[in-house]
Structure formats: C-alpha cells, structure tokens
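One chain comes next, on its own, written out as structure tokens in the form predicted alone.
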Amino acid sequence: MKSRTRAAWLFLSPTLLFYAVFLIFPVLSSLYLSFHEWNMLTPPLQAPNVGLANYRYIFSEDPVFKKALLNTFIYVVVTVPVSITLSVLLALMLSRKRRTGFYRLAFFLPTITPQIAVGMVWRYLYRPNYGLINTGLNAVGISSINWLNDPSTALLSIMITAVWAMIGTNLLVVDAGLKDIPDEYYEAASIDGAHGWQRFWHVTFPLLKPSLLFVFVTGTIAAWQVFDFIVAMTAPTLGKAGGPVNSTMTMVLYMYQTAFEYLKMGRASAMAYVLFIIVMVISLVQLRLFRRGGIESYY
C-alpha cells in the first residue's frame, strides 16, 4: 500500500470508526432485534428468534400501531404542505418590503426554541378555562373548546402548533432561494406582458424548486419522527402521552413506549424499520417528482 493511501486511511479512520460505532452498528443491531424477542433483561444474543412474528403482530394484532400510523400520516400530510405554503407566501410578502429583519427574527425564534418548551407554552394557551385561545374565542361569543382533552380536536391542536413552529426554518430557506433569482428574469417577464401570477408560476416557482425540494424532504422526514410536541402537550409523563384514547399517538412515541415502557425491543425495532422504509420511499418519490420540469439543471 502506498504511503499516501495509508495516510488517507489514517486520517479517515476516526470518522469511519465514529460511523461504524454510532450508525452502522445500531442500524444492524436494530435489524437483528426486529427478528427476535428481547426484553432488555437478558443478553441480546440469547434472545429467541421469532422470524417475522414482530412484523405480523404490529400489522395484524396491534390496533394502537395502526392508530399511530394513521395519526402520523395525517400529521405529515397536513403540517408539511401547510407550513411550506405559508412560508412561501410570507417569503414573497417580505421580499417586497424593506427592513424585514424584525419579521424574519420573529418567525425564526420558534425554530431555535426547544420543542418541549414550545409544546408546554402552547399547552397553557390551549387550557379549557384560562387559556389565551379560549379567552379570545369567548370574547367574540364562541364557546370554549377542550382542545387537547377532546379526541376530535387533540391532533388538530398539535398540528397547529407544529405548523407555527415549522414556518421559521422553511421561511429561511425559501427566502434565501428567492434572493438567488436574478431580477433580469422578472424584467423579461414584465416586458413579455406577464402579470403577477404568471411571473410566479413561470419564473419564481421553477427557480425556487431546489429550495422547495429541500424543505419538502427535510420537513417530511422530521414530521414522520414527531415526538417532543406530543409528549409536551398531551401528558406530564411519557407513559401517558399520546392521549386522549390514542388520538395523538404517533409512530415514534409508540415505538418509545413499546421499547422502554413495555420492554418489547424486538417489536419496537420492527416498528423502526417500518418507519425507515416509509420515509425512504416517500423521500425517493419526492425527489422523483421535483426533478421533473427542469430541476436537473441544478444538479
């Protein structure tokens, strides 16, 4: 082996060791456990092999998992498109104004605030008797809503909070994408007689696709892994989170409870791989869809 090659492997070895210990080993261990029944009280290698029993159980015999899967799907389908649409509208409004630093800071603050803290604040805002939201509704003659304690409104309440918290990051990315669009394109479109919507559809939207692709993919991955908001807003303790009657149960929260509350690590590992496959397929579909219409020129 040449000295330069040995030197390259020597410099790469800390990074490779880090990935091997903290990424590759946990991923392969989780795959191994998903085919075994392990309760964390015995060595993992002594856990009995159950084949596909864990996968069959969560899809055919576990109603909570199906509920968690449906809740997470609704959460992703609602929060990601709504937050990105609002971010684009706000970015377009801010691009037409001067001295927008205060507004950008105001929208970005929820992003740098821990989600647990955001969820606890919104939990007090949603309180049935003294919450600020119900106080405002009462002021205009609308009866109080039991936001987080009613199964029909609990998930909606969390999605409203999540959209509010997601706008900051999306706005930052979309705003940067808008600034990269040369003014010459808009001037040429105006000379051709294009009005506001035509300039957005034929100039802004195609050139904004790389930014939209980024926020769609990263936002979707983060939404499928929602955990902190649910815990902070639905229960003071992890064991009671996801209520009422599992109306806010999500896949990651149920995975956590299955692993560390019920000590079913094999079943939780099977859920983790189901979630991994779902996120991977959706991400590939998003990449495929966004590459249509000229986005290839950006890669």
Partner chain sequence: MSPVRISHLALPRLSQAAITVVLVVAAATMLLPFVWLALSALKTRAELVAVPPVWIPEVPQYQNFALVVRQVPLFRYYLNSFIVAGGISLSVLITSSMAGFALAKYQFPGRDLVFRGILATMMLPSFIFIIPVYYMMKHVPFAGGNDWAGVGGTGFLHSRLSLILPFAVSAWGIFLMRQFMLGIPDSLIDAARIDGASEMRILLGIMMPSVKPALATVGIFTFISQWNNLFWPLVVATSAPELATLTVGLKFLETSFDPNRNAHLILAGLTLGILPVMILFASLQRYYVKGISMTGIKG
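Only a predicted model underlies this, so the values are computations on that prediction, with no experimental measurement involved. Residue numbers count along the first chain shown, from 1. We call the rigid core whatever largest set of C-alpha positions still superposes within 1.5 Å between the two forms.
Just so it is clear, the following notes concern the form predicted in complex with its partner chain, a form of the same protein that is not shown.
According to a 4.5 angstroms non-hydrogen atom cut-off, is Leu105 in contact with its partner chain in the predicted bound form? Taking the distances in the predicted bound form, the answer for Leu105 is yes, it comes within 4.5 Å of its partner chain.
So in the predicted bound form, does Phe73 come within 4.5 Å of its partner chain, heavy atom to heavy atom? Flag for Phe73 set to no.
Non-hydrogen atom contact Ala259 with its partner chain in the predicted bound form at 4.5 angstroms: Taking the distances in the predicted bound form, the answer for Ala259 is yes, it comes within 4.5 Å of its partner chain.
At the 4.5 Å heavy atom threshold, is Asp192 in contact with its partner chain in the predicted bound form? It does not: once its partner chain is placed as it appears in the predicted bound form, Asp192 has no heavy atom within 4.5 Å of it.
For the three residues Ala117, Val252 and Ala268, which mark the spot I'm curious about, does each lie within 4.5 Å of its partner chain in the predicted bound form through at least one heavy atom? Heavy-atom distance to its partner chain in the predicted bound form: all three under 4.5 Å.
Quick check on this chain: which one of Leu156, Val173, Val78, Ile145 has a heavy atom within 4.5 Å of its partner chain in the predicted bound form? Contact check passes for Val173.
Would you mind picking the one in Val50, Ala47, Ala235, Ile58 that has a heavy atom within 4.5 Å of its partner chain in the predicted bound form? It is Ala235 that has a heavy atom within 4.5 Å of the partner.
Can you list, in sequence order, the residues from 183-221 that come within 4.5 Å of its partner chain in the predicted bound form, counting heavy atoms only? Stretch hits, in order: Asp183, Tyr186, Glu187, His195, Gly196, Trp197, Arg199, Phe200, Thr204, Pro210, Ser211, Phe214, Ile221.
Compare the position of the CA of Ile277 between this form and the one not shown after a rigid core fit and state whether the shift reaches 2 Å. No: Ile277 shifts by under 2 Å between this form and the one not shown.
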